[in-house]
Structure formats: structure tokens, C-alpha cells
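One chain follows as C-alpha cells, the form predicted on its own.
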């Protein structure tokens, strides 16, 4: 983890907030240590493991999101990529688990990549996968994406979309990124609008051109989404189509799993297991969902599902370690904050994802395998529940404090008065959108 040379918040103030809760935190940590010791688990080893966890931040989530009907601007929203990095710097300074930012082009395009890298480095930040945008038309764009981009009937529109993705790769190379995420809203709203097979054929032809432009050490992540804006048929609508496309393209093509991009009640953890089994699990966009692609804060609706996803990831990591095959999926948040302070939501979500990671590490895998092999259904389920019910908050808080972060990130953030300060420093900018998503 890179050093934070230019912290956004006063480090002394953060330490002061930590001192207020240190006695209670130490008591909670020792009590949890006793509980875990009786299970044969070393709490200090778990705390060290927690310190290894990292999840990337989406630049667009630093601003207030919206709905199909309206966007209500928040106070002190970032008006450009440099201000987004400042807000992300706050999140990482307090949580110490968000050392990279995922940029979205052209929203985050800059003519001075070296200056952006320098600013990010000062905040202890690097750059995760870059994201292309062919799901909306941009100012000055020659060909529309109204009827599709990489799968469009128009060859000119497809060529334009391919070129944009290649430009994203070139920008990412300057920033030190190692992956491109491609999501398209292509599809149909009416039966007969598109030839369903032909749409996928055109998508694959376009993706082959993008794949060919990837550096040797890069990956491309194929993101699927069940619906919206294509409500009858989406070109890349499910993990099977995503997997087939990745297989067609080659070893640098992997599948990205967004937790909100599935039909209600889909067994997402099984999808994770399948993609990991076949070597095509590229990474995640973590969020939560009640009805559809809600982009709610991670762990806010179904934290048990998040735990079960990480249980499969822990199993995959153990298998990869035993056969020396390597397993390193990319983790990123992808949320839309409509009624909360985006910084507070991002911090809370980062902690919840880290929580699921540590809870999954608590699963007694030897016991679980034995119960599975003997068909002891109840005890197998209870083995998972025992890990999930364990409150590991003291471990996470201790790991943050030891790394220089905040025991209680939201409390430290509010005490800093950061939002009030940037509200004055960042008056609304005409024509500027902090997130790009409405």
C-alpha cells in the first residue's frame, strides 16, 4: 500500500478521534480475541489479513447520483476529476482499504495524465481498471449510439465505439491502469427490432478489435446486465453470454460480476463459483439491490449474500493456492448515492466488503468439507452461519487504526467538517455533472 504523502484531512484530528474510542476498541478486541481463541483462531493473524484487503473506488460515485426522473445535486460535489480524487483521498485516508480509483472516460478525461498521477500519488492512490462509455452520446460525437454501439447496425457507429475503447486503453496506459471494463447498453426494446444472433456477432467483431489493442499485461472485463436501457433483449444480458464472449476473445478477456445486474433471487455466489472454476472470473462491482440494478450501498440490503460471495472467493483462493494456479480478481465498488453523502456511503461500503472478506476467512473449511461429505446438511449450513454471525468490527477498526486510518471513519469524517469546507470551495459549476449518471 502506497504512502499517503499529502493527506486531505488533518492526521492529528483523526488521531484525536481515535483516542476517544481507543479504550473501548481495545476492550472489544480483547473480548473478540478470547472468543476466537476458543475456536482455535488467532485474532492478530485475522487483523493482519484484514490489512491486505483492498477495493477500488469508482470516480463517478464521488458525486450524487440520480434516477431516470431527476438528479438532486449534493453540496460540495466534485466538478472534475481532480476534485473527485480529493474526495477519494478522504475515503482512503480514513478506511485504508481503497488505494485505487477506477476512472470513466470521457467523464474523467484529462489532458495532463502526469499531473493527475502526481495528485493521486500524494493521496496514496493508484488507478484501477478504466471504463469506456458508449451508452450515451457525447458532445461533438459524429454517430449516435441510440440504436447501439459495439453491436450497432451502423458500421460507422461501431467503428466510433471501438476507437473510443482504444483511446481509453491509451489513457489508462498513461495512468498505470492494467484493465479496461466494457459495458454496453446495446439491445432491443421491441421483438423484431434486432436480429438477436446478428447483434452478438457484431458485438464480438467489435470486441476483437478492442482486444487486439490490449497491451500484453492488460485484461478486458466484460460486464453484463440483465436489462436497462434495453428492456426486451440485451446483447450481453447474463453471465453465460459474458463467459461465451470471453472464451471467444481469448485469455485476456474475463467476466465482471456486478451484484445488481441479475434477475431477482439469482444465486450470484454460484455464478462466482462457476466463473472461478473455468478461469474467467475477472472481478466485481460491489453494490446492493432490492428490486433491480439499484446501485445501493454494499451490504445495505443483503449482507448474507455478500458473505456467501466471499465464501466462494475464499474457496477459490484456497484451491488456487493448492494447485499454484493464481487467483486475483479485481474488487471495485459501483454505487449511486442519491440521499446520502457519497463519501460516507463509500466508506461504509468499503468496510462492509472488507467485513465479508474477513467473515469468509473465519469459515472452518475442514469442518465444512466433512459435513458436506457426510451429507450433514444442517451442520454444513450452521458452519457458514457461525462465521457470518461473528461480529468482526473490532478487527476491522484495529486494522484501520494500525494503518493510520480511523477507528470510526464516518465519525472522524463528520468531525473534520470536510463537507462543509468543500461546499464553500466548490460552488456549482454550470454544465458540470459530478457523476455523469442520471
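This one's a predicted model, so the numbers in the text were calculated from it and none came from an experiment. Residue numbers count along the first chain shown, from 1.
The same protein has a further form, the form predicted together with a further copy of the same chain, not shown here; the description that follows concerns it.
Peer 1: Considering non-hydrogen atoms and a 4.5 Å limit, which listed residue (362, 213, 204, 119) is close to a further copy of the same chain in the predicted complex?
Peer 2: Checked against the cut-off, the match is 204.
Peer 1: Give me the residue from 336, 102, 95, 132 that has a heavy atom within 4.5 Å of a further copy of the same chain in the predicted complex.
Peer 2: Checked against the cut-off, the match is 336.
Peer 1: Of 346-354, 119-127, 213-221, 165-173, which is the one stretch near a further copy of the same chain in the predicted complex, taking non-hydrogen atoms within 4.5 angstroms as near?
Peer 2: This holds for exactly one stretch, 346-354.
Peer 1: Looking at the partner-bound form in the predicted complex, is residue 45 within 4.5 Å of a further copy of the same chain by any heavy atom?
Peer 2: Judged by the heavy-atom cut-off of 4.5 Å, residue 45 is well away from a further copy of the same chain in the predicted complex.
Peer 1: Does the 4.5 Å heavy atom contact test between residue 110 and a further copy of the same chain in the predicted complex come out positive?
Peer 2: It does not: once a further copy of the same chain is placed as it appears in the predicted complex, residue 110 has no heavy atom within 4.5 Å of it.
Peer 1: Wondering, does residue 196 line up within 4.5 Å of a further copy of the same chain in the predicted complex on heavy atoms?
Peer 2: Yes - in the predicted complex, heavy atoms of residue 196 and a further copy of the same chain come within 4.5 Å of each other.
Peer 1: Any chance residue 145 has a heavy atom within 4.5 Å of a further copy of the same chain in the predicted complex?
Peer 2: Answer yes; at least one heavy atom of residue 145 falls within 4.5 Å of a further copy of the same chain in the predicted complex.
Peer 1: Taking a further copy of the same chain in the predicted complex, which residues along 235-255 bring a heavy atom to within 4.5 Å of it?
Peer 2: Residues within 4.5 Å: 235, 237, 238, 239, 240, 241, 243, 244, 247, 248.
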